[in-house]
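Only one chain is given next, in structure tokens, and it is the form predicted on its own.
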């Protein structure tokens, strides 16, 4: 048994069972193996649900602009610009495998950072089912048990970030360890976003975003649209949100965006996170339009830093967790989840903090997750090198920031996987597929008896 999951049987960790209440509300229960092990109480016999093998490949710095650059995307830029689908050219069954390997060869401009040992693609099995209330998506893939997220570490005077994603400069320079959670996500459209069915997530990746020649903080701060959005950096956005889709600076103002959103001109973004949502049985709900937004309400997680005091908001309850904090040598050896209502208490600045003490950067809040942001339930199990994740999404959602899944409907979906302590462009992606809720599609959700 993996050390991180077996630690739940330690008396110091038993309090984490309190988080089961939040999971049980979704019909999912964490078993004695711990928060990273879930028990499938949906009652679904997955052996009777067809499996679909998808190949997700490493895209590197390929973006909306790159696809349309005649010098970079030779022989296909004009076709892309007129709206041709990616698979109209990349139609070979092993194309994704070749593309990912080529980009990660160490000689390709789409990935200038050497990532030794990282495969160019990952095979993901996806199964889909539905009943009268929910759609169920089950993912399986071979990957590492990345359940950690960067920490705050006390240096004797201040709390500073400890750990970072593998592509970040401090990690590349050996100044920080590579720490980041595994994530499985999908974008979904119901036909209202032009060209999403043809070009999928590449519509949302643009120059100026993190890891894609990022815009400077000064440029973002000086931009009128970004001021109106109250954002300090550039994230995913759709072409319709800009006057010039290839220039993040040309953002449309909120009143224009509201009309686009009301007409359904956004894509849903649903993310399962191994650290920030899995321990409390959730998957966050968001959407992409002018930015990568969260839905209305509260997520399953919140920042653990007080902006005013520059100190954490919560610490571990020593009586329940066994200590107020963890240390660097405890990373990847136990379940270091900080959970309100289970093992978290308000931070005490006079608790005798010493250099090297570390606290999670996020606190999980199962009881506080509300509104459209808390629509989805999920759990993930890592065992013998394999992740199995089940996502539960209600049918017929009527929130203005959701795309409603309905029986008989067919939707365009693009999947993404973050693995190996990495984020942003370091993920794996699929070309656009179709998801049918009891209807003919690439992936068919079958009706449960």
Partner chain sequence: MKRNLRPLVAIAALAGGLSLSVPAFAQQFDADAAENVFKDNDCHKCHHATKAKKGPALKKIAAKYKEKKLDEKEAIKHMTAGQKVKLDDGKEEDHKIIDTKDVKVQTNVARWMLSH
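Worth saying up front: this structure is predicted, and the values here are computed from it rather than measured. Residue numbers count along the first chain shown, from 1.
Below, we refer to the form predicted in complex with the partner chain, which is not included among the displayed structures.
Using a 4.5 Å cutoff between non-hydrogen atoms, residue 90 counts as a contact of the partner chain in the model of the complex. By the criterion of a heavy atom within 4.5 Å, residue 75 is counted among the residues contacting the partner chain in the model of the complex. Using a 4.5 angstroms limit between non-hydrogen atoms, residue 277 is distant from the partner chain in the model of the complex. At least one heavy atom of residue 95 is located within 4.5 Å of the partner chain in the model of the complex. Proximity of 185, 206 and 209 to the partner chain in the model of the complex is absent: no residue of the three has a non-hydrogen atom within 4.5 angstroms.
Of the candidate stretches 170 to 178, 95 to 103, 263 to 271, 248 to 256, only 95 to 103 contains residues with a heavy atom within 4.5 Å of the partner chain in the model of the complex. Proximity to the partner chain in the model of the complex, defined as a heavy atom within 4.5 Å, holds among 317, 79, 368, 198 only for 79.
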